[in-house]
Structure formats: C-alpha cells, structure tokens
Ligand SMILES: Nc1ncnc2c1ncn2[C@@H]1O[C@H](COP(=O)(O)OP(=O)(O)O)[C@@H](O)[C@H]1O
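The form predicted alone is given below as one chain in structure tokens.
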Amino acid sequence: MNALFLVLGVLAAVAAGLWAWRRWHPVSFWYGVGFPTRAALVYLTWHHIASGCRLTHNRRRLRLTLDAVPVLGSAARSGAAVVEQKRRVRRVDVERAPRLGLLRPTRLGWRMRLRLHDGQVPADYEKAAEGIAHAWRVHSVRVVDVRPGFVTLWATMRDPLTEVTLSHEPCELLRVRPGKLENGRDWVMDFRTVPHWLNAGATQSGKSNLANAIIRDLAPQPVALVGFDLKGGVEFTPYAPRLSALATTRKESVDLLSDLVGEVENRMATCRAHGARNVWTLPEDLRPVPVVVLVDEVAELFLMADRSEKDEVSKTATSLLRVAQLGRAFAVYLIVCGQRIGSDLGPGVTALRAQLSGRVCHRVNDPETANMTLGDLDPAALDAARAIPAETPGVCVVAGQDGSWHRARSVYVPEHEAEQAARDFAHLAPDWNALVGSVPAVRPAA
C-alpha cells in the first residue's frame, strides 16, 4: 500500500510539474515536451493518414513465398499425406506513403518536407491539407514551399491571429508594422521593396483599421502623406494635420494627381541629369522627400454619374496609372483602398491593379473583388480569403510580389490614436506647394 501511495504521489508531482512548466514557460515546454511527443505521433501515424487522404502509391514488388503442394504418387495412394514446400516468386502490390523528412519545430507547430511520388503534384497535398489537419488535431496545414519533387507542409497548432499585439518599436524609413502574420512574425510592409499596395475589404472588415495603422506608423517618419477621400473627406480629414495635401472632390483629385505626375516627371529629370537610376542613388542633398499616397475609395475615382464626368474620370485614371508605373523609382508610393473593385469600373481599374504588386484582401462581399485582388496570384490564397469569417475583423490575406501569401491580422488601432499621431507629428508634414516647387534646377547631362 505504501508503494502504491508513493507511485501516485510521484505521478501527481510529475503532472503538477508539467502543468506549471507549460503554464509559466510555454515556449520551452513546447520544444522540450510538446514537439517531441507530436513528432513521434506524426511518424507513427503518417502511413495511415496518407492512405486515408489518398496520397499513397502502389508499387509492385517481387516477393518470395513458400507454397504447400501435395505430392501425388504411391505415397498418396497408400493414404499417407505428403506435402512438398515449393518456392515461388510473386508480384505483389505494396502501398507506400510519401517519404517524410526531418520534422523541424516552429514556435507554433512544425515544418516537414515530403518527397512526391511519381505523378503527384503539390495541388494533391493542398487538397488533402484539411484532412491532414483534422487527423493531426491541429489548427491548419499548408503547403508553404514547393521544389522539384518536394513539398513542405507547415502545421500550426493554434491560430496566432486570435489576439494580436505589437511592441511599440520605431520603424525604419518607409516601413510599417501593421500587425502579425499567421507564422507569428510581425507583418512588415516595406514600400521600398513592394512600392504599391491594393487594400480591399467590405465594411467592418478591417480595411480602415489597416489604414489607421499605416498612418500611425508613417506619421513620425520624414515622408509626405497625400490623401484622396471622395467620401466628402470623412475618412482622412481627421488626419489633415499630418497630410501635405488632401483631395475630397473629383475636381480636387484631378488637380492633385496632375501635381503628382508633374512631381514624378521633375524627379525623373533630376535623376537623368545626374546619371541616377532612381532617387536613392542621388546625392543626399538632392534626394527628394518620399511621398505616400493614400486613396480611400478607388471606385469613387472611376464612377460616372453622367457623360459630363467622362473627361475627369479619364484624366484621373490616366494620372493615377502613370504614378503607379513611374512612382517606385522616384519615391512615390500608392496605397489604394476599396470596398468594390471590379472590371465593371472600366479598363483603368484593371490596368491599375496590374501595377499594385502588394495585395491585401479582407473579407469581401462579392467574389469578383477577391478575384481582382488575389485571383492572378495564387488560387489557394483566393480560397483562404473567401473563407474569412465576418466575426474576425482585421484578418486578411497578404500577398507580395514574390508570389508568396500569408494570413495576417492588423492590430487594432483606435481612430483617436491615429488622430493623435497626426497631431503630434504635424510639424513633419512638408508644405505641398513648397514640395512641388523644391526640385533642384536640372543641369544638362555631361
């Protein structure tokens, strides 16, 4: 009896220690206990799971078997049973699962590389990802890396986008950190790497919150912010102290876009005169201030109430497209937001979309907007965007120019916080008239 109590006491102490370890040091517990246990489970059950998801492959092999063959003759006639063992070589089908590589732990799960069977493609594993996730009892399984003959699966134990928090660290020039990616890393938007962004989302999907986060992070940086808000200025007027220019009507938009195109052409002439390919290779004293342009509702720039607005819409579309085509080299960057982005708005929208290499798709009301945002990048990203539930505002699918995509969620930024940032750093807003007229005199090329 004493031995039984001793064993129970030891087990209780171990259980309490494991619980405390997991409670107070979850990261070390995962790497020390959780991951090894999960890895053993994955290796032991992989063949069964692959078979259930139809990822196995039948291969014929030669197998040596022993067959009992009765011998007929005098011994058999006398009533004695004589059996002779004969060796035979048979062809049998052997079911083989894809070969697993070494499991590599991450903070939220693990990664594993698989070798494809002959005739298999990565799409087979994308279709089976949901079944694998249910079998492993994890939040999700995704195909994240594809190489000839191999795929890499990324398993996530829990959804890291349930609650998003960020440390208040200053960002580098033209970089913002609006939220978190599903792999647990910070979501970083680097405009020097991906210069133009398309931000699509329905009402209450998190589109405006993302704009608040971008404005809050750009406000303390030495950049000029320019806004287009054709909804009467209700979205961007509170940020007016930090904006160098703000257009709230179609006529103001045409004039402001004309100024932007002229500024881009002046910067182009400056670079040509000094033999520079872009403004970042100019001498520091000649380098112009970067300009970030925010468009709140792009559909309002392309919609026409009657034919009298046709010329203004055409000028707007042409100027915006020129800024998108030429802006990267001359430090003029675009963030285009919209609830509805479809081909019915005109060919200008489709041409503009092609120049916006960065894509952010929140929950949308119509499939065409999702197609316009992500359809030309990756069908899997499109499916993920369509599956965003309404009760998770801020969750979106982010795709960059390298073709990779992630689920992400922007941190909640109250409007008063972004407005306070605009007031606190109002002194950093360059005067628009001075900015447009501050381009150095162009010297003839040598």
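Keep in mind the model is a prediction, meaning the values are calculated, not measured. Note that residue numbering begins at 1 and tracks the sequence as displayed.
The same protein also has a form predicted together with this ligand, omitted here; what follows describes it.
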In terms of non-hydrogen atoms within 4.5 angstroms, which of the given stretches 49-57, 381-389, 411-419, 28-36 touches this ligand in the model of the complex?
411-419
How about residue 203 - does it come within 4.5 Å of this ligand in the model of the complex, if we only consider non-hydrogen atoms?
yes
Contact label in the model of the complex: residue 369 to this ligand, heavy atom within 4.5 Å:
no
I'd like to check something about residue 244: if you look in the model of the complex, is any of its heavy atoms closer than or equal to 4.5 Å to a heavy atom of this ligand?
no
Taking 4.5 angstroms as the cut-off for heavy atoms, does residue 319 touch this ligand in the model of the complex?
no
In the model of the complex, the residue from 120, 208, 140, 183 that sits within 4.5 Å of this ligand by heavy atoms
208
